[in-house]
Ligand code: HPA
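A lone chain, given as structure tokens: the form predicted on its own.
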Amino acid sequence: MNEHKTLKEQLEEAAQVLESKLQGRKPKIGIVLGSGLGPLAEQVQDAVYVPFGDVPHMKRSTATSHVGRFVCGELAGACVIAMQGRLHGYEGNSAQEVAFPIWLMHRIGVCTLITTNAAGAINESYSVGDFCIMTDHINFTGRNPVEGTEPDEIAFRFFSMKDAYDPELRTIASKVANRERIPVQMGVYLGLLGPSFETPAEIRAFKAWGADTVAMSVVEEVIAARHVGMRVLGISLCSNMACGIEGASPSDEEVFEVAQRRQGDFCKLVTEIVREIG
């Protein structure tokens, strides 16, 4: 972060630039597209594209398949802004740098966040290729974007994380999935720093804690979103079984292969959820 400007000042400057590049578009729904899930952004109509590097104080995405840009336009009759790729802690970003685009989207008027990712399935009743609607999370990154004094200038830093994943949005997502005949699971997501995949011993521990899925993103974004009062829906694609489950040894290639295979249903699911939210 820039040493000479506060977090609030950085967000204000970034918001001015981003709003100017959106050419009058006023998105109310933000979508974060995780590993292998970026192609949904290609379905946004009348879109403008803003690379992360064109926005002051934004970090660039370096993760595989993460394009690293905002895509703003119309999806299913609603004005949305999608992050085609996200920022991760394992790329060297601080928790506040990971959270920055979430606060930024809120600053330009986004009130609902749909965050998506590819995750490993810990719950043995899940199958590779399943979607899982997040009911809650365990933050095991060891970090929190609201630490320090500067986030308190944006919003009060002591806030409840009960129902962090909005119950009404979860109901909408489940209803859409049933209507479109897309099987979904409901479960607790555990977020780690990464980038190495987890060990079998870690997975056994996480299972005992009540985690159903695990990956290296989302939790810091959701904390930031709830900090400023955004409603949140979280959806994981179970791109692999977690390490040691059914003998699994996850790989980057497997993640993207499964994401490509499930791309059609993912796009349909999120698009129809956006239509329902309006």
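So that there is no doubt, residue numbering starts at 1 and follows the sequence shown. Keep in mind that this is a model prediction, so the values were computed, not measured.
Beyond the structure shown, there is the form predicted in complex with this ligand, which is absent from this document and is the topic of what follows.
Novice: Is it the case that G120, E198 and S239 all touch this ligand in the predicted bound form, with a non-hydrogen atom of each within 4.5 angstroms?
Specialist: The answer is yes: all three residues contact the partner (heavy atom, 4.5 Å cut-off).
Novice: Using a 4.5 Å cut on heavy atoms, which of P51, P39, P56, P250 is close to this ligand in the predicted bound form?
Specialist: Flagged contact: P250.
Novice: This ligand isn't shown here, but in the predicted bound form which of A215, A225, I31, I235 has a heavy atom within 4.5 Å of it?
Specialist: The residue from A215, A225, I31, I235 that makes the contact is A215.
Novice: Looking at heavy atoms inside 4.5 Å, which stretch does this ligand contact in the predicted bound form, given the options 124-132, 139-147, 111-119, 72-80?
Specialist: Going through the listed ranges, the match is 111-119.
Novice: Given that the partner is absent here, does V255 sit within 4.5 Å of this ligand in the predicted bound form, heavy atoms only?
Specialist: V255: yes, in contact with this ligand in the predicted bound form.
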